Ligand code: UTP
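One chain comes next, on its own, written out as structure tokens in the form predicted on its own.
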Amino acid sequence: MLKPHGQEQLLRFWGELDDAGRQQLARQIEAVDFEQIAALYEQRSETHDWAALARRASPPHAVRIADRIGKNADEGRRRGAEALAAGKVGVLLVAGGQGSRLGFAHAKGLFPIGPVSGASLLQIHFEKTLVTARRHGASVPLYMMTSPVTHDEQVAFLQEHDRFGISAEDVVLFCQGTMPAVDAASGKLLLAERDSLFLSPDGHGGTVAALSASGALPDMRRRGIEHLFYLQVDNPLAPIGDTEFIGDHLIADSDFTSMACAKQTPHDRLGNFARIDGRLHVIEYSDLPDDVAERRDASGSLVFWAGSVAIHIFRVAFIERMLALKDALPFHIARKKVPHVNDVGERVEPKKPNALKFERFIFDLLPHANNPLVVEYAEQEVFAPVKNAPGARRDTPEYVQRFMVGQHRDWLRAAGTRVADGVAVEISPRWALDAEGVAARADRPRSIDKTTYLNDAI
């Protein structure tokens, strides 16, 4: 298998391995598509001229915040609520990441982000899904994608906490695929250890293939799930089950609807929604030339204002259609520092990029979608991902917790509760899912003067 591809180096330590090590390495090698790896390596220098593409791009078709008022918003909320009540919407949670950038030695979903409660990211997302189902009187199954390095830990964590109230039949866990890394100079696959390849998750775009391989798509067909609400685990503000977002998607008869926040500066580190040759794309912030990023319209607003926050709704039939389309999701090639075992079995920790990694991105489905739509939400309502360790400028635990406290304080004040300035307050999804849920609570406190966690025991 290896010789035709010039990859015999993977067996250099075969004679030293025990049976278990040989079985593991053989299993990993058999799973590799060597022709695909060779083709990707040959394409390593081929890149889109994003600068040229961006200069002929136009802003996306979008529902702006100013549009989301009155009759149109009411119709959207009605349509979204009907779809949820009919059991046509599932939740797709991408939770394969580790907390290494946070200095957290576990799966990121286990990170305790609750500003008062210490609730984990997984707890918040699961409870939002649970309450959404209860509000609409229908099952809302949760499909959760893990990665090989986080799967077992997250399975055990969810079992320990009884899936935070969601029944076992309404939680489907599946693991994303992996891709080997190759030496940038030679195209040779790298060994992480003498008995194992260096493998890394194939990106959030791997969700599509993983849904198919896991049997999740047949489960959706059996249940009558027609749409998937997609989010990533690091964002506790993601408004799971937001009826207006779902409704806008349905009204537009869209295959793929994305949530966006208006960029605060031209160079915000967000992907940029843009139309190129009549098709919707996401241009990474690093690929957007300065002159395009800084372009403004007659009113002085940014032309390319729409930043992606990794919250989407897909039509399940669209995902199935994409599975039949070869290379609907191309691989992106990135140069990275990859630790590995060298020819004599020594551990090498490179100080500069030495290898190529291959990833797919879910937003690359957009150009294939019929009637794609972008819907604007205020950043403080929907987007505060926890990514960085304390000390960074933003997206740290403290930064995210300020957003959470600010949102919950605003909900309470809008409902008539006096909340003292500077007081930390957190609302469990079980107590109230959103501002509407807070307003409906007859037992909400009249005033809050000390650190408070409102949960279902209150």
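Values in this document were obtained by computation on a predicted structure and should not be read as measured data. Residue positions are given as counts along the sequence shown, with the first one as 1.
This protein has a second form, the form predicted in complex with the ligand, left out of what is shown; the following refers to that one.
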- Would V94 show up as a contact with the ligand in the predicted bound form if we use heavy atoms at 4.5 Å? yes
- Task: State yes or no: in the predicted bound form, is some non-hydrogen atom of E320 no more than 4.5 angstroms from a non-hydrogen atom of the ligand?
- Result: no
- Message: So in the predicted bound form, is the ligand close enough to Q98 to count as touching (4.5 Å, heavy atoms)?
- Response: yes
- Task: Determine whether any heavy atom of M145 comes within 4.5 Å of a heavy atom of the ligand in the predicted bound form, and answer yes or no.
- Result: yes
- Task: Scan D195, D255, D202, D242 and let me know which has any heavy atom within 4.5 Å of the ligand in the predicted bound form.
- Result: D202
- Of R335, R223, K387, R78, the one that lies within 4.5 Å of the ligand in the predicted bound form (heavy atoms): K387
- Query: Looking at 366 to 374, 229 to 237, 278 to 286, 183 to 191, which one sits within 4.5 Å of the ligand in the predicted bound form if you count heavy atoms only?
  - Reply: 229 to 237
- In sequence order, which positions of 353 to 372 have a non-hydrogen atom within 4.5 Å of the ligand in the predicted bound form? E359
